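Only one chain is shown below, in structure tokens, and it's the form predicted alone.
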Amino acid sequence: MKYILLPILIACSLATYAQNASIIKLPQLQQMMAQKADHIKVINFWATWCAPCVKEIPLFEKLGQERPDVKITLVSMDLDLDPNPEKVYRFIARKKLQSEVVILDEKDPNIYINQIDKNWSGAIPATLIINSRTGKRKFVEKELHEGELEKLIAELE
């Protein structure tokens, strides 16, 4: 009996935990980016199928725990290729992500990438850092390594 219940309990706990990711459209993302705040916003664009993206996620998680004055949002681009968000939900649960995760539900990158940042080719990982108090923002289109994220934030403070 316990062999039957254990997988069910694990599946239920993963499903409950995975409810943290909401599916959004471009206007909602733009609103998040434009919203005034007392904190620095770090918005990372990633996907579960992107190895460099997955590799850098612990940097964002660590920063989110160490700097309560920085708001981390991880924007999953997975729906671009696969209309099923379950893969993202399972990833969030497996990695026990604490950062806010949203799933961008847009199909045509040629329409939305320039609306996020004019310098973006559409490659991921990509990170947008916004200081809405000063109006400064920085966009980087590469995998970030230990210490780089902190330096980028310091440039905007």
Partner chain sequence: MIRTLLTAVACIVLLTAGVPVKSGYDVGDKVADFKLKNVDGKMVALSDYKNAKGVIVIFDCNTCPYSKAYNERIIALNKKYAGQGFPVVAIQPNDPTISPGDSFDEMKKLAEKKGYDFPYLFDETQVVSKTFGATNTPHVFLLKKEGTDFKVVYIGAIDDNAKDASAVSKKYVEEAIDAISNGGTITTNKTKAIGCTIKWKNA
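Positions refer to the first chain, counted from 1. All figures in this text were calculated on a predicted structure; none of them were measured in a lab.
The form predicted in complex with its partner chain is left out here; the points below concern that form.
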Next on the checklist: Exactly one residue in V54, L26, A123, M33 has a non-hydrogen atom within 4.5 Å of its partner chain in the predicted complex; which is it?
Outcome noted: A123
Next on the checklist: Can you confirm whether D108, Y112 and K118, the three residues that make up this candidate site, all sit within 4.5 Å of its partner chain in the predicted complex, judged by heavy atoms?
Outcome noted: yes
Checklist entry - Which single stretch, out of 63 to 71, 95 to 103, 127 to 135, 46 to 54, brings residue heavy atoms within 4.5 Å of its partner chain in the predicted complex? => result 46 to 54
Checklist entry - Looking at the partner-bound form in the predicted complex, is V75 within 4.5 Å of its partner chain by any heavy atom? => result no
Item to check | Contact test in the predicted complex: E148 vs its partner chain, heavy atoms, 4.5 Å | outcome: no
